[in-house]
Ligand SMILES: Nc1ncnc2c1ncn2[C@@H]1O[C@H](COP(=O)(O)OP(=O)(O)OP(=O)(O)O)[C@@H](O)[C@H]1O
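Next up is one chain by itself, shown in structure tokens, the form predicted on its own.
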């Protein structure tokens, strides 16, 4: 109890630590005004009882996609009260609800809070959802965050969009959010043909934008004078290097704040530098946890070869950086698939997985140059192979 008493009485540099959480939704979203306006314009017809288009939003991690959509949905619900509109919404994180059944169950439970739907078939859930939409005439907006994580996503999207063909009144509108800009290319043509969607790509933040985002949060999170401006600039610069990821910047300042708080010091450049390695490890684990099965196996093959040295250990040249040939990685991927009792995908799909991993910042791809026979992709791992292997092994436990 002495420890609790000491911690409760200790002075802290924080005013509200939760403001730095990636899950905190601020009232103002700097540098996303244009995206907010466009989404609001697409959804505005719902306030008049008209059918809005579906929206699919893409962008790398930490570009404000989820925060922007949640912000707009909050504004939509406020407008619903103002205009007495028949509009409803549900937000679903598809990392935790990654099956069509789970998503239908979540929607049904929200529409019928007093009923227990556990154990009912998906067809029953679908019928009850349809009954609700038809009987109330509501325009119902379903937000599917990380929609690419849904295992049977083609069936889900086809079912939700075709449902509108059978409704005499009411409508289901979908907002899909994905880190994968090639997500739509992988959908079944049948699913794509029913969507009639608007698409948006959120660009990464630059260092100046990241600093302004951090400045607003820091003013609320820390007591006056407890976070130096140079620390903000350094965290923003590091995050700009990491694909313009605002979450990374916030995690850096939060972790640096914890380090400084333990010492009773204002947050400085030193604390940000100390926080960097721990935050990078968190980011790697978070990214890997979201990977589908086969991209994860490809990444495992890359990390294994980097640790083993690969067939061409001197390919990195004087810099000492280790690169791998695309062909040797594919061979290793096939071998790991066999060892793990998985059926390897074709070379075409393998190339798509490499693009996904590069987009997420887990690897870098470059074309071979002089001194290398033929024209092939060279692959470099962006993080420690030991950390990557450990995270993937945990994922497949």
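Numbering follows the first chain given and starts at 1. Small disclaimer: the values here were computed from a predicted structure and weren't measured.
From this point on, the text means the form predicted together with this ligand, which you will not see here.
*Asks:* Since the chain is shown here on its own, which stretch among 344 to 352, 328 to 336, 27 to 35, 48 to 56 would lie within 4.5 Å of this ligand in the predicted complex, judged by heavy atoms?
*Replies:* Careful reading of the contacts points to 27 to 35.
*Asks:* Within 4.5 Å of this ligand in the predicted complex - does that hold for a heavy atom of every one of 65, 213 and 217?
*Replies:* Looking in the predicted complex, the three residues 65, 213 and 217 all sit within 4.5 Å of this ligand (heavy atoms).
*Asks:* Work out which of 247, 255, 71, 100 lies within 4.5 Å of this ligand in the predicted complex, going by heavy atoms.
*Replies:* So the residue touching this ligand in the predicted complex, by this definition, is 247.
*Asks:* Just to confirm, with a 4.5 Å cut-off on non-hydrogen atoms, which of 134, 304, 179, 191 contacts this ligand in the predicted complex?
*Replies:* It is 179 that has a heavy atom within 4.5 Å of the partner.
*Asks:* With the partner left out here, check for me: in the predicted complex, does some heavy atom of residue 22 sit within 4.5 Å of this ligand?
*Replies:* Yes, residue 22 sits close enough to this ligand in the predicted complex that at least one of its heavy atoms falls within 4.5 Å.
*Asks:* Would residue 205 show up as a contact with this ligand in the predicted complex if we use heavy atoms at 4.5 Å?
*Replies:* Contact with this ligand, yes.
*Asks:* Does at least one non-hydrogen atom of residue 242 fall within 4.5 angstroms of this ligand in the predicted complex?
*Replies:* Looking in the predicted complex, residue contacts with this ligand do not include residue 242, since no heavy atom lies within 4.5 Å.
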